[in-house]
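Below sits a lone chain in structure tokens, taken as the form predicted alone.
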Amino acid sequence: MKIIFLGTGSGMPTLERNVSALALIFKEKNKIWLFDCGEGTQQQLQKAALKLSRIEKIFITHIHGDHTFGLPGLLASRGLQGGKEANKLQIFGPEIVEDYLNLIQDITRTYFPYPIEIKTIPADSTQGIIYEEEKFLVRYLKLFHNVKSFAYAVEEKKERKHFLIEKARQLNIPPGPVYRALKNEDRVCLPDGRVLEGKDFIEKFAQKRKIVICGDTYYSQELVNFAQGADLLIHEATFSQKEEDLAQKNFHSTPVLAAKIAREAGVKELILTHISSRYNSRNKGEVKEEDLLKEAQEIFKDTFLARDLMEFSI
């Protein structure tokens, strides 16, 4: 899996940071799950060479404009590019997301020429499973914000398998049907008399991957529990710790609070995003973006600061 950060700013876009959106790409099937869709996400997708037709699911963390103003336009453009029955799209999020899209369509007379399934989180629910398939499931957790805001955990259900193609090549095994049989861990008899066991060409990874992507939030013990053991935690860091009172007042986080959650949850890596424009290098404030990273790394060393179009593989 690979993550591309399409927008890493908060509130409004700047020359350096667009507003919130990130793409989770499943390399083996080249499908995309989009998390949030702020203004300008379409252009960011083009810069990242990602096709709208590859987006299968969109997860909205909360309804604030810097996370959703790009959604109606993206859906409309997807239709203009020839989205049909085969390009079905699923949208997940708070119950108000469905009202928002219905209202936009009614007012603008916009038609989406492909099926859209909207699955909303029950109004009285604080956590649960919102999506499940053979290989992955997605959990949600209600966060601490001034509107309903959620975190999503994408969790692998089964162990991963990797076909040792170099080993097969070194043994001069012909590609094609033989490779497919070995990938299925079947026994294969070659024309030259060799008998191969598929299991000898498979490397298994028992540890299942887990990615936690947070909407806007202040610190909560519930999020610590939710993120336990994650390979990656993506967490907002809107304000510097020097403005922690402002963060709390506005139901946002600081790098220090995000780092505490990462440390207490025992995650492997933390990426900070949703950075306020006040820390932009063009501004003359005493705190800069690099200072935000230092604040977090003093508590949790394996912290990174997201930047637009940054890629991260898991």
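Counting begins at 1, following the sequence as shown. Every value quoted in this text rests on a predicted model; they were computed, and no experiment measured them.
FYI, the form predicted in complex with a further copy of the same chain isn't displayed, but the following is about it.
This chain lacks the partner; the member of Q81, N184, N225, N172 within 4.5 angstroms of a further copy of the same chain in the predicted bound form by a non-hydrogen atom is Q81. With the partner omitted from this view, the residue of T254, T61, T41, T273 that lies near a further copy of the same chain in the predicted bound form is T41 [heavy atom within 4.5 Å]. Contact annotation: L137 falls outside 4.5 Å of a further copy of the same chain in the predicted bound form, judged by heavy atom distances.
Contact annotation: Q221 falls outside 4.5 Å of a further copy of the same chain in the predicted bound form, judged by heavy atom distances. Within this chain, P72 lines the site of a further copy of the same chain in the predicted bound form, having a heavy atom no more than 4.5 Å away. Though the partner is left out of this view, I96 does reach within 4.5 Å of a further copy of the same chain in the predicted bound form, counting heavy atoms only. Listed stretches are 32-40, 53-61, 283-291, 243-251; the contact stretch with a further copy of the same chain in the predicted bound form is 32-40, by a heavy atom cutoff of 4.5 Å. For the stretch 1-27, the set of residues having any non-hydrogen atom within 4.5 angstroms of a further copy of the same chain in the predicted bound form comprises G11, M12, P13, T14, L15, N18, in sequence order.
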